[in-house]
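Form predicted alone, single chain, as structure tokens, below.
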């Protein structure tokens, strides 16, 4: 039986998504959850995991390493799910996941988890980009199409003033490309950039194609965030190459499906992620 608590987008949210290309959800996490996840990220930092390795690997690739142990220093941790059950349960948090389903439809998968801590510093100017690498940068969908990939960013820190590491967007840029000539490379101070303000516990929802990124952080405190990515089933996941079998025993049926369990065992078969199981919509829209 389908859950009767499904939350759908309001008309105002649909209009903002279509025109501006992002949503802000106030209070997506409670104050207690914000404190819990903030402390959890401090604990995650004390253990090695997938972190950027710019001197060892090409841009966008991650290596198994220990980050800076100063809890207010920069950290960019990928593949959070094995670290704690709470990260798994955040995959399909109803108040947020219901909106993801409404935007993307039921034929989706979970593809990436990430925690980013932006230090307060005078040396980081911020940057602007699209998600998905060089190929996806060139791909946009029409105003009426389902998005290819959608990300949720959970704020664990108040960001109530500009230059606090704000999530910065160019509204409407999900529908048009930027001319990336050397003299026009977008940055957080380019005309048209909007640094979003928010409270700890708020969440931003945005598609891969919108131009976005962090502003400089001169606030005197680190900005903590958790990011989760969802994409259509026919796309390749970011953090794992096939069904995430190591986590299945810790997951609900819906979480397992989002992590690649298509209901016939953990092994991949040709066509699996292009033609969904017959119960895909029921599993996606069922109770968490």
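Residue numbers count along the first chain shown, from 1. Small disclaimer: the values here were computed from a predicted structure and weren't measured.
The form predicted together with a small molecule is left out here; the points below concern that form.
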query: Would the small molecule in the predicted complex be within 4.5 angstroms of a non-hydrogen atom of every residue among 156, 198 and 222?
result: no
task: Please pick, from 116, 175, 86, 119, the one residue with any non-hydrogen atom lying within 4.5 angstroms of the small molecule in the predicted complex.
output: 116
statement: The listed residue (171, 106, 82, 213) that reaches within 4.5 Å of the small molecule in the predicted complex by any heavy atom is 213
- prompt: Is residue 202 a contact residue for the small molecule in the predicted complex, using a 4.5 Å heavy atom cut-off?
  reply: no
task: Find out whether any non-hydrogen atom of residue 131 is located within 4.5 angstroms of the small molecule in the predicted complex, and reply yes or no.
output: yes
field: Contact label in the predicted complex: residue 151 to the small molecule, heavy atom within 4.5 Å
entry: yes
field: Partner proximity in the predicted complex: residue 237 to the small molecule, non-hydrogen atom cutoff 4.5 Å
entry: no
- request: Choose one stretch from 95 to 103, 142 to 150, 179 to 187, 123 to 131: the one whose residues place a heavy atom within 4.5 angstroms of the small molecule in the predicted complex.
  value: 123 to 131
